[in-house]
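There is one chain below, alone, in structure tokens, taken in the form predicted on its own.
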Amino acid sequence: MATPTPTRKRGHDPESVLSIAVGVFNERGYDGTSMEDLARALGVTKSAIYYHVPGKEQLLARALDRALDGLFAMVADERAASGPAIDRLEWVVRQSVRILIDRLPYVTLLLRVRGNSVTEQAALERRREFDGFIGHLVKDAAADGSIRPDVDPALVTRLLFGTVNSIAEWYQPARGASPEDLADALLKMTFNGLRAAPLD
């Protein structure tokens, strides 16, 4: 009788290692995750993880870059730089919703970092740069009269992107609305009250 061939575990590539690590970071918290935890989730030894990445901090850096690179690619797009400020702002909000959902685990991790390491501090610095871009966009829309004058642009920025970021806390891709439906609903709720009334 022939001896059955043992089943071999599927190997991991850098992308699958990163994806699984981000899931563990989001579940346990980055600081609460050990290399042993990651090895267990991957079904490999710790030494096998080191074949793909020098350590836990490098996995965090790659994950945070995955979220931030999407946002900065959007900022670099011509549609974020030309045209009426209110239209650019609306486009940026719509794209931000799409990026958040497309890169949900990575954005969720980004929103939870507190600056406890050099890697987290660098990510927070990039986030502040992105927030500054949004702030200038809102101010431009206020300056040209597109946004109603009785709301503070700084408050608009916080409320608008606080709403966008809150999606990361409750959205479930398998049961949730499409990115387009979510963006449409958010824009209707926010921009209908934000736009200045047309002059008579």
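The model shown is predicted, which means the values in this text are computed figures rather than measured ones. Residue numbers run from 1 along the displayed sequence.
What comes next is about the form predicted together with a further copy of the same chain, which is not displayed.
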query: Contact of residue 112 with a further copy of the same chain in the model of the complex (heavy atom, 4.5 Å); finding: yes
query: Non-hydrogen atom contact residue 45 with a further copy of the same chain in the model of the complex at 4.5 angstroms; finding: no
query: Contact of residue 54 with a further copy of the same chain in the model of the complex (heavy atom, 4.5 Å); finding: no
query: Proximity of residue 145 to a further copy of the same chain in the model of the complex, heavy atoms at 4.5 Å; finding: yes
query: Whether 15, 21 and 61 all lie within 4.5 angstroms of a further copy of the same chain in the model of the complex by heavy atom; finding: no
query: Heavy atom within 4.5 Å of a further copy of the same chain in the model of the complex - the one residue of 49, 167, 41, 68 that qualifies; finding: 167
query: Residue among 122, 86, 104, 80 with a heavy atom within 4.5 Å of a further copy of the same chain in the model of the complex; finding: 86
query: Contacts with a further copy of the same chain in the model of the complex, stretch 167 to 192 (heavy atom within 4.5 Å); finding: 167, 169, 170, 182, 185, 186, 188, 189, 190, 191, 192
